[in-house]
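Next comes just one chain, in structure tokens: the form predicted on its own.
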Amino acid sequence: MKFNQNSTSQSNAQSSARSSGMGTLYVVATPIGNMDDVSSRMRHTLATVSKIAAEDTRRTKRLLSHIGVDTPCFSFHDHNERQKLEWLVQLLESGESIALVSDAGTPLISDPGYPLVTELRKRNMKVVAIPGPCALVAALSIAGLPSDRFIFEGFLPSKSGARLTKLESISSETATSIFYESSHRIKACISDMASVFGIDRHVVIARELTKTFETVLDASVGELVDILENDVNQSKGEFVVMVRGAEKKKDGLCEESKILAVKLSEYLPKKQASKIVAEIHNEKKNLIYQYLLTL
């Protein structure tokens, strides 16, 4: 029954697109490892669109073969998405519906598709989400770290100098910070975190989520440096790295809030500066105002 409901909803969207003379772009989430996470709606969408825009056509064809779908697909990735953007828009304007998929998980989340979706929104063309797996959400849901506020930084810079600079810029962030990382950089990444955050900061690493060798390492940064150094298997696969936010100061304000408040108060009334900082950093406006009064 659930499949029929999804099919009806999908058919309505496609009928609406046909009546307007334009096709629909479906942003389709696909499994991040375990093929049992294939949804009925995902399968139905990939089977009924005209074409599939795939980050890696070889991986997508394996997925299509597994679910019994033979829809033609073409490459659409970081290196060609802007060149193919206008062609894709023309296909949609001619009435064809297209599915956008990445290698795994939800497109646009550290994956291609942003320029295309942005352009379609500007042109008031139909874009529909087919929700499903997303590594950062899956990892955060089992990490045991605060999830009411978090920032997602995607992949950190590959070179240590730039990586250290980036980590320094968020070292006082009080929300949980989430990163993606690859097998050949995970050890260097955690080592740099130890240098910037200190060896006692709480970090959770989710490795190979939904796959056979899934593991979750929950420890201090210093302990994780040792684990990765002594167990070669823990450096293999794909990683989501989650860092507990910095402790707030005794006055209840993080250092970034103080710095921004002082800077804004040079140009704006203290109350107005306090309101802006409170909105940006999710702080209490009266605490910021009282801090400015003490200066």
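Owing to the predicted nature of the structure, the values given are computational and were not obtained by experimental measurement. Residue positions are given as counts along the sequence shown, with the first one as 1.
Not on display, but discussed next: the form predicted in complex with S-adenosylmethionine.
_Please determine whether Phe74 contacts S-adenosylmethionine in the predicted bound form, using a 4.5 Å cut-off between heavy atoms._
No, Phe74 stays farther than 4.5 Å from S-adenosylmethionine in the predicted bound form.
*Report whether the minimum heavy atom distance between Phe197 and S-adenosylmethionine in the predicted bound form is within 4.5 Å.*
No, Phe197 is distant from the partner.
*Indicate whether Gly113 is a 4.5 Å heavy atom neighbour of S-adenosylmethionine in the predicted bound form.*
It does not: once S-adenosylmethionine is placed as it appears in the predicted bound form, Gly113 has no heavy atom within 4.5 Å of it.
*Please check if Tyr180 has a heavy atom lying within 4.5 Å of any heavy atom of S-adenosylmethionine in the predicted bound form.*
Looking in the predicted bound form, residue contacts with S-adenosylmethionine include Tyr180, since a heavy atom lies within 4.5 Å.
*asked:* If contact means a heavy atom within 4.5 Å, which one of 207 to 215, 163 to 171, 87 to 95, 122 to 130 is the stretch that engages S-adenosylmethionine in the predicted bound form?
replied: One stretch meets the cut-off, namely 207 to 215.
*Of the residues Ile190, Leu156, Ala104, Leu145, which one places a heavy atom within 4.5 Å of S-adenosylmethionine in the predicted bound form?*
Exactly one residue meets the criterion: Ala104.
*Identify which of Ala219, Ile151, Ile109, Val225 has a heavy atom within 4.5 Å of S-adenosylmethionine in the predicted bound form; exactly one of them does.*
Exactly one listed residue reaches within 4.5 Å, namely Ile109.
*Of 128 to 167, which residues get within 4.5 Å of S-adenosylmethionine in the predicted bound form if you count heavy atoms?*
Pro133, Cys134, Ala135, Leu136, Phe155, in sequence order.
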